Ligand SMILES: Cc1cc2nc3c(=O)[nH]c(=O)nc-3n(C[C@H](O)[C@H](O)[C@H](O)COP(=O)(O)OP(=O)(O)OC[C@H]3O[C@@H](n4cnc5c(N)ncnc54)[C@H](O)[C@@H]3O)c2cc1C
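Here's a solo chain for you in structure tokens, the form predicted on its own.
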Amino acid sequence: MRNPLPPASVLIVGGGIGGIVLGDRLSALGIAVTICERHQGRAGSSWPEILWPATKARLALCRGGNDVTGRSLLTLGGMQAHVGGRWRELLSREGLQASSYGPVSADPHGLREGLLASSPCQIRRGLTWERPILDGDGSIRGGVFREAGSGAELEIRADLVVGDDGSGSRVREAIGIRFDARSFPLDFLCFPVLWPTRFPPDEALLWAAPGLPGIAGAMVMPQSPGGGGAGMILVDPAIRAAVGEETLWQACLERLPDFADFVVRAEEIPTAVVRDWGHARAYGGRGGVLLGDAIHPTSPAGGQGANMAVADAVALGGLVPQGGEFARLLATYESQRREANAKSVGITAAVASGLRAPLPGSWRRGLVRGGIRSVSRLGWAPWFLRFPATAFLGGEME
């Protein structure tokens, strides 16, 4: 298939952070972009999300980006971990200030909705992808969607289709790319947080290997200057299935020091999130291109998912306006992004392997506690942050 000129129209399936950045960049160059999103508004539970400085800087360049990032991002001033019966400083304020890799806490819903509201693209909500529209040579030239309200089918045609529709990507399926997902060994119970005034408003808190049956750890993270935030409990899927979220939730409320102080409502049961991870064998085909979790879903380890998606969008946004053969665009895009994305996926792979290691629980807890003490005592913050803060980088973002 040949496209001798830049596409006049682009269809982005899924309103993720990467698709929003891509649409913003292409729209600024005069390309008509339509973003189709199945959710009507904010959807899903709250969860902790880390962005890194390069990602924050790129988001600020989007239309309305400075205002949106000011409301939805919070630069973390430290991290404490409860281990060995007391709070220990895991990442110090001084160490973060001395490092150029300081993590940024994000309200993912607020960030996404704010950027969508300011986007120059045409935003179509309540549309679920049904099947591709194909031209004579089998290339994808748009999609057929189903409207949430009426159930009617709607055709949207475009010169280029981009799938930003998550780990279960239906665009990836339409393209015919095989994806062998692997399950992360822990599930995540996510919940909103109301930040108590007695804790620093910009420090994340971690309960590491608390020794509760089925619970590997917990984290709470502030997400905005207004006192909102999100938390996450890491649980054994088998035990979660056996005893249920409510039992695990109550165990945390009762036995983790200070944990209940952060809960918006003590009776609220968090939302369970199961994460797959992996790396697709190709980044597109048949006239369609993928980005973000549609290519490389990860666990929250290292805060890589949204950062990788933005870096994908920046790389793809630099190539699409050049036009030329689709096969060449796809090959260049993948060559720019695969190595960096593989490094980021490698963080999840390493964490998953460690969690699956056949070690007694007491040994595992001892290793975690020893690692936290080493990081906190030896001032390893710059080294500790550098790899996850830069692994996803590549091309224009460096």
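Owing to the predicted nature of the structure, the values given are computational and were not obtained by experimental measurement. Note that residue numbering begins at 1 and tracks the sequence as displayed.
Quick note: we don't show the form predicted together with the named molecule, though the next part is all about it.
Between the options Val263, Leu256, Ala282, Cys190, the residue in contact with the named molecule in the predicted bound form by a heavy atom within 4.5 angstroms is Cys190. Only one of the listed residues (Met232, Val83, Leu111, Ala174) places a non-hydrogen atom within 4.5 angstroms of the named molecule in the predicted bound form, and that residue is Met232. Judged by heavy atoms within 4.5 Å of the named molecule in the predicted bound form, the contact stretch among the candidates 57-65, 342-350, 325-333, 30-38 is 30-38. Using a 4.5 angstroms limit between non-hydrogen atoms, Asn307 touches the named molecule in the predicted bound form. In the predicted bound form, none of the heavy atoms of Val10 sits within 4.5 Å of a heavy atom of the named molecule. With a 4.5 Å cutoff on heavy atoms, Leu355 does not count as touching the named molecule in the predicted bound form; it lies far away. Using a 4.5 angstroms threshold between heavy atoms, Thr75 stays clear of the named molecule in the predicted bound form. Against the named molecule in the predicted bound form, the set Pro48, Thr128 and Gly303 is in full contact: each member has a heavy atom within 4.5 Å. Contacts of stretch 17-35 with the named molecule in the predicted bound form, defined by any heavy atom lying within 4.5 Å, are made by Ile17, Gly18, Gly19, listed in sequence order.
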